[in-house]
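Here we start with a single chain on its own, the form predicted on its own, put down as structure tokens.
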């Protein structure tokens, strides 16, 4: 976990105390570092400006939960597991798949725009946030959206703040729309000989009679050692991968899709696909993969779905022992490298992987670099072009003195 240059940590009990703390920091130009569950502090550039931590742990109340309206409003310090448990009592869920849900908070999830494996079938954070309250860099409270699904009043601060890494405002309260709990959820898996075969299987899923909720393409030592995949036959050697799909719906629907997926895969030359017995346990490993372990470098690429296998080839060429997870239906590839690049971070990323991502109409960012070595805007976020200039102008409006998470995001 990254070390923030924090002199003291404040722990406001509510939004009013938080706003007062930020206003005081604004008055003297002192940096403020919002802290939720502390699960994503490695994300972004290392902080260098001394300042105060601002713990959101005290903002942990359930504000409103009209279950029949399929919405819930909570403060930002509520953990994702607490929210999940609350919704489950009413037969509902928020299908976002946030790692380390026992610690991760609602505010942190929104600030980092974290979208898990279920993104393919269920959407992203921005699809579920319908109301938001926050405090800007001057200590002024503001809000957008509302507590009903059809509310469209005001500026769309919900989408603006999602993924802003706490640099435009400190999120204090969020309203989500929610979904019914699943009757059944099952994972099917098969072994794949190479990225070439994987590409054919992924293309076939586009026209499949089934409707997967998640499509995961996995590679590397972490998955080779996974007990749930040990019984798979048909793949061996350094190019092997695993294709895992999540199927959800009623018991009858899932049973039919299992049979149909099995037949489709076998027709495409797959040997002995399996249904994973303990789907819940393996699913948690899929969700937690980006943040669990002690990888010296964790990367995330966003490419077109058709470019996933090519980018995996590029990663394997750089580090044959990298463990890779891709949300293949969405073009998201996450890699935990086995070693820090010998040629240095800048050459490995700027000279190699970032161009490889660009060839697939995408981009590459650093999720975690515990050493902090060679962390520049270029290596962490990619090239600085026109959109970043616009984002910097927005930042100036919300945080004139640059006291909210200074230096950690894309602004220059």
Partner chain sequence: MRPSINPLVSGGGRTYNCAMPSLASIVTQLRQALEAENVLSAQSEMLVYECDGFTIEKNSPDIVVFPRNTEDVSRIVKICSAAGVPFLPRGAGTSLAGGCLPVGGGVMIVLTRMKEIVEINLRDRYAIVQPGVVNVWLTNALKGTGYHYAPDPSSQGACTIGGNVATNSGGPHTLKYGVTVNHVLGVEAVLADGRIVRIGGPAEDPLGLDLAGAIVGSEGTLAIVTKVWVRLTRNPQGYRTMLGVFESCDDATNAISEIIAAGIVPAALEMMDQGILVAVEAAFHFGFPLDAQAILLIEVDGLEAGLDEQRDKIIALCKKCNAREVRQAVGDKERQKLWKARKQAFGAIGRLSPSYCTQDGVVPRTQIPHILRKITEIAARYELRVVNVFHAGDGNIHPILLFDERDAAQVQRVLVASNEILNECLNCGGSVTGEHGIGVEKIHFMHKMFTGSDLAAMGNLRAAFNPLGNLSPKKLLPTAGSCGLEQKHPGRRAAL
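Numbering follows the first chain given and starts at 1. Just so we're clear, the structure is a prediction, and the values are computed from it rather than from any experiment.
In what follows, reference is made to the form predicted together with its partner chain, a form of this protein that is not presented.
The partner is absent here; in the predicted bound form, the one residue of 119, 316, 240, 93 having a heavy atom within 4.5 Å of its partner chain is 119. Only one of 272, 225, 292, 209 lies close to its partner chain in the predicted bound form, with a heavy atom inside 4.5 Å, and it is 209. The three marked residues, 5, 65 and 288, fail to reach its partner chain in the predicted bound form, with no heavy atom of any inside 4.5 Å. Proximity of residue 265 to its partner chain in the predicted bound form: non-hydrogen atoms within 4.5 Å are absent; the residue sits far from the partner.
By the criterion of a heavy atom within 4.5 Å, residue 365 is counted among the residues contacting its partner chain in the predicted bound form. In the predicted bound form, its partner chain stays beyond 4.5 Å of every heavy atom belonging to residue 85. For the chain shown alone, residue 70 is a contact residue for its partner chain in the predicted bound form, at least one non-hydrogen atom being within 4.5 angstroms. With its partner chain omitted here, the record of contacts in the predicted bound form names 195-203 of 280-288, 95-103, 335-343, 195-203, defined by a heavy atom within 4.5 Å. Interface residues of 288-325, taken as those with a heavy atom within 4.5 Å of its partner chain in the predicted bound form (partner not displayed): 300, 302, 303, 304, 305, 306, in sequence order.
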